[in-house]
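In the form predicted alone, a lone chain appears below as structure tokens.
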């Protein structure tokens, strides 16, 4: 399909992080993937308690420290400097994965290369035969976390949709994603389709559909119990 992507359109990366942070409920235990998801920890609304987990062995991760106040021993899974909140705990890598595999993480926020309309996620390999394996803990997280949110640009740098009917890259997990946050929109995955939750500023429905590799369902009045596709 031909796309008309404007990569500057809509929300910034920090805007996306704020949108995700606003949707995380009080008291949730949350793991953040490498890349765009890491910023979510900096945008939790005041007065809301969210306990952040990082797979390298910290429960109670706080926001990034001010410049010049970094502790070289306090990093997240992406090797970025973080802080530790009061009451934080440190533990072995194996214990961290026991938390993940035991179903103790409420929400995991991950990046994506592709997401399908049925919630399949590809986020660890571009599929080249000579590429080194780099799946990390993503497969454990999509299997163990109760909900998977995806934070990503709506299209690749070359303008190809990341939201598609079926993934073509190696899968991280099948039918695991519940909500996608992009620079263009927030979309839920329901009944095998992308359902619009919110459009970003200056993005109209047709532009969103033109830059999506699957049909988008647009809910209408709740009392009708129906939805319309673009």
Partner chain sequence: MIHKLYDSAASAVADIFDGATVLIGGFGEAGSPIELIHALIDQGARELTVVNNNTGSGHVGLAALIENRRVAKMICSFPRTANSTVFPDLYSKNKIELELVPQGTLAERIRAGGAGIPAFYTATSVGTQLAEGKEHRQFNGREYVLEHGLTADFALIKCRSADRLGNVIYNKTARNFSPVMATAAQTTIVQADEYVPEGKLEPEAIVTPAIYVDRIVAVSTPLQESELVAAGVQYP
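Positions refer to the first chain, counted from 1. Keep in mind that what you see is a predicted model, and the values were worked out from it rather than measured.
FYI, the form predicted in complex with the partner chain isn't displayed, but the following is about it.
Engineer: Answer with one of 26, 198, 69, 204: the residue that has a non-hydrogen atom within 4.5 Å of the partner chain in the predicted complex.
Structural biologist: Selected residue: 26.
Engineer: Every residue in 55, 102 and 143 with a non-hydrogen atom within 4.5 Å of the partner chain in the predicted complex?
Structural biologist: Contact check passed for all of 55, 102 and 143.
Engineer: Would you point out which of 186 to 194, 158 to 166, 55 to 63, 37 to 45 contains residues with a non-hydrogen atom within 4.5 Å of the partner chain in the predicted complex?
Structural biologist: Single hit among the candidates: 55 to 63.
Engineer: Taking any heavy atom pair closer than or equal to 4.5 Å as contact, tell me whether residue 137 reaches the partner chain in the predicted complex.
Structural biologist: It does: once the partner chain is placed as it appears in the predicted complex, residue 137 has a heavy atom within 4.5 Å of it.
Engineer: Indicate whether the partner chain has at least one heavy atom within 4.5 Å of a heavy atom of residue 77 in the predicted complex.
Structural biologist: Yes - in the predicted complex, heavy atoms of residue 77 and the partner chain come within 4.5 Å of each other.
Engineer: Looking in the predicted complex, any heavy atom of residue 172 within 4.5 Å of the partner chain?
Structural biologist: Yes, residue 172 lies within 4.5 Å of the partner chain in the predicted complex.
Engineer: Using a 4.5 Å cut-off on heavy atoms, what residues in 86 to 118 are near the partner chain in the predicted complex?
Structural biologist: Residues within 4.5 Å: 86, 87, 88, 89, 90, 91, 92, 93, 94, 95, 97, 98, 99, 101, 102, 104, 105.
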